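One chain comes next, on its own, written as structure tokens: the form predicted alone.
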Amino acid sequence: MTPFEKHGQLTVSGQKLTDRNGNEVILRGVSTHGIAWHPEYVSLEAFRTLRDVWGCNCVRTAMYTHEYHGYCTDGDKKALYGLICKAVNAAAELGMYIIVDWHVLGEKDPMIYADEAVRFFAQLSRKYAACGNVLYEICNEPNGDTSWETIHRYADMVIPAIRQHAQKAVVLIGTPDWCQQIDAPLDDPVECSNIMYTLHFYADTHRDHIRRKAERALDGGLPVFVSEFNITDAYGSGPVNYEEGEKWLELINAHGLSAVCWSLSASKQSSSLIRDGCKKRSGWTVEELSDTGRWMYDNIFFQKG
């Protein structure tokens, strides 16, 4: 039985994801790197490996909106949209949940491309209105001087574009400072059902001060989803920090948080899960994983069953 066959469409109840029977569901999975740069990992075979070998029930597709070949800049919109559809179709065939990530980063403020986001999510949610396995992440990492007030205003524009077609779909909303200010929505939450707020961390950079914000958000009742994390520094490079990774793991497990790690790629960056030089696009052995990938594989995130 696949994850989706077991649970069906998810909803947000209080702080938790729940299935069609009201049972709590925790999503654990892997994010692609930017699909414009690494389209080779958007495949049925790669996702099948994540499901059957790693034990993932979720995959996240990262589509950069601003950077080199970004969807809203010089990228091939048709090709990028096609890759998103390929990913959604593969996840649906495998009965996995999929997060479509509008990967705000270099533009800092999601309002810069808000009109594009509205069109994109309206088009995609119309196409996949009947697919209950799709979650929509509407702004990856707002940063710079972007305030929660601005993100809230952006969410109020984009969520209705999704809801007009996918009325019950779960929507993930980014928070300020690269999703480290997870407690920012406490005083002004988005008034909408089936939403969660995203927390991102890179364990070697984001330590106790961010964990305190996470605890404050959780104690305040916010539904939190860790839609991107790793155990490297914030640049995805440098040595892995196993000690800080374990501290984050304790928090995630203590609160039963859904979590998706970065990233399904093979490069010299220590945040890549596949060992640099590995040419395989699926079916990776443990020996073909990076140090980070092996830590992820060996811990609770990817233990099958």
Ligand code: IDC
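Note that residue numbering begins at 1 and tracks the sequence as displayed. Owing to the predicted nature of the structure, the values given are computational and were not obtained by experimental measurement.
One more form of this protein should be noted, the form predicted together with the ligand, which is absent from this view; the next part is about it.
So, a 4.5 angstroms cut-off on heavy atom distances: do all three of N140, Y202 and Q269 pass it with respect to the ligand in the predicted bound form? Checked in the predicted bound form: all three residues contact the ligand.
Is there a non-hydrogen atom of F47 within 4.5 angstroms of a non-hydrogen atom of the ligand in the predicted bound form? No, F47 stays farther than 4.5 Å from the ligand in the predicted bound form.
Under a 4.5 Å heavy atom criterion, is L105 part of the interface with the ligand in the predicted bound form? Output for L105 is yes: heavy atoms within 4.5 Å of the ligand.
Taking heavy atoms and a 4.5 Å cut-off, does G238 contact the ligand in the predicted bound form? Flag for G238 set to no.
Going by a heavy atom distance of 4.5 Å, is A79 a contact of the ligand in the predicted bound form? The answer is no: A79 has no heavy atom within 4.5 Å of the ligand.
Sort through A114, A234, L83, V190 and report the residue having a heavy atom within 4.5 Å of the ligand in the predicted bound form. If I apply the 4.5 Å criterion carefully, the residue I get is A234.
Using heavy atoms only and a 4.5 Å cut-off, determine which of R51, R28, R275, H33 is in contact with the ligand in the predicted bound form. Spelling it out, the residue with a heavy atom inside the cut-off is H33.
Among 122 to 130, 226 to 234, 89 to 97, 182 to 190, which stretch has residues whose heavy atoms lie within 4.5 Å of the ligand in the predicted bound form? It is 226 to 234 that comes within 4.5 Å of the partner.
Within 47 to 71, the residues that have a heavy atom no more than 4.5 Å from the ligand in the predicted bound form: Stretch hits, in order: Y64, E67.
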